[in-house]
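Next up: a single chain in structure tokens, the form predicted alone.
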Amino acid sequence: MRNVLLVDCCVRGEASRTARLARAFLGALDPAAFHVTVVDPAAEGLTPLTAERLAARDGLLARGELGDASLRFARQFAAADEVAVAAPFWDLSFPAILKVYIENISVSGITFETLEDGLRGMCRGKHLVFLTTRGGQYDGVPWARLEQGSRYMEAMSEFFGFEKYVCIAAEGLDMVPDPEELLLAAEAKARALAAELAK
């Protein structure tokens, strides 16, 4: 049984178009092969790190207290066999709650470590899958560089030590009268990826 962690940053909840991709992905995972855990950073009350919280965390790390409850999200992330992150395209990247989550899980000694020759990811996961929806078109266009959500997640995937990064995006949704066909195509890709993970 492999553990899949879905990080749900779909701020609009069930009405979110990105949530549709997440449901398609999770629904196609074989329950006999995968155990799924969903974490909602907003519902968990995660907040940005402050000077006080950083000092407290630095103290825990200095004492080697990596099992502290405040570090549970980092341990959960590092232990997952596969990680999927669902977050819509907002303001050229993604909702702030995803950055807050990343701040909270970027813990030296759990998700990464510092070596003499640089940083090394410590996460055991094979894939980091980024599921997203975009109102505009950012793939294969002159302004593609403005899309910073997937670019950032791909960098974090490498930082955390994942073997492979995959982005599934439904885009151009606000550029057509009815985006249903675009969403269905992205859902099909999400299901195909879920099936591929079982191989």
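In case it trips you up, residue 1 is the first one in the sequence shown, and so on. Just so it is clear, the structure is predicted and the values come from calculations on it, not from any experiment.
What comes next is about the form predicted together with a small molecule, which is not displayed.
Novice: Though only this chain appears here, would Asp30 touch the small molecule in the model of the complex if you measure heavy atom gaps against 4.5 Å?
Specialist: No, Asp30 stays farther than 4.5 Å from the small molecule in the model of the complex.
Novice: So in the model of the complex, is the small molecule close enough to Phe89 to count as touching (4.5 Å, heavy atoms)?
Specialist: Close contact exists here: in the model of the complex, Phe89 approaches the small molecule to within 4.5 Å, heavy atoms only.
Novice: Against the small molecule in the model of the complex, would Thr133 count as a contact residue? Criterion: heavy atoms within 4.5 Å.
Specialist: Answer yes; at least one heavy atom of Thr133 falls within 4.5 Å of the small molecule in the model of the complex.
Novice: How about Phe162 - does it come within 4.5 Å of the small molecule in the model of the complex, if we only consider non-hydrogen atoms?
Specialist: Because no heavy atom of Phe162 falls inside 4.5 Å of the small molecule in the model of the complex, the answer is no.
Novice: So if I measure heavy atom distances to the small molecule in the model of the complex, which of the stretches 170 to 178, 52 to 60, 39 to 47, 147 to 155 falls within 4.5 Å?
Specialist: Stretch 170 to 178 is the one.
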